[in-house]
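The chain that follows stands alone, in the form predicted alone, written as structure tokens.
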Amino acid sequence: MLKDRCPILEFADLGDERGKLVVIEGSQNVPFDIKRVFYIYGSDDTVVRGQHANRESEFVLINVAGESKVRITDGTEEFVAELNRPMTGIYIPRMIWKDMYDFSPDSVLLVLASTHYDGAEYIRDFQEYLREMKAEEKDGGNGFHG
């Protein structure tokens, strides 16, 4: 099931009377070594970001401020995750299509990635993605790392 492959991650709030503190560590509470970090801000509820799948990269998405939604599909199943707490993220493995949207005005979407950027591993056309997923299904999972 897709929701099992893309779980919501809960990070501990280690804050005290001085304020909030959330610690995220690669290969600890994130299921990969973190190679790249970026964040999206200044978007609004009319913008759709993402709109791609990655052949190699895994991601964790966390709204550290505000909120947004992430539509996730493997071409067969689909679900929408609402990211609205800074101690909650969603894990997205390789070869999962993602659309981030419905950003609140104060949204800061933090993205942790398992790889350095390589534009060649992005699939930006949904029909191409579906063809690759169908080929993977026929191959029995031997040509894909996820």
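Quantities reported herein were computed from a predicted structural model and do not represent experimental measurements. Position 1 is the first residue in the sequence shown; the rest follow in order.
Here the subject shifts to the form predicted together with a small molecule, a form of this protein not shown in this document.
The listed set R94, R85, K69, H52 contains one residue whose heavy atoms approach the small molecule in the predicted complex to within 4.5 Å, identified as H52. Although the partner is absent here, I34 lies well away from the small molecule in the predicted complex, with no heavy atom inside 4.5 Å. In the predicted complex, the small molecule lies within 4.5 Å of some heavy atom of Y122. Heavy atoms of M100 reach within 4.5 Å of the small molecule in the predicted complex, making it an interface residue.
Although the partner is absent here, F79 is not a contact residue: none of its heavy atoms lies within 4.5 angstroms of the small molecule in the predicted complex.
With the small molecule omitted here, the record of contacts in the predicted complex names 38 to 46 of 38 to 46, 22 to 30, 85 to 93, 61 to 69, defined by a heavy atom within 4.5 Å.
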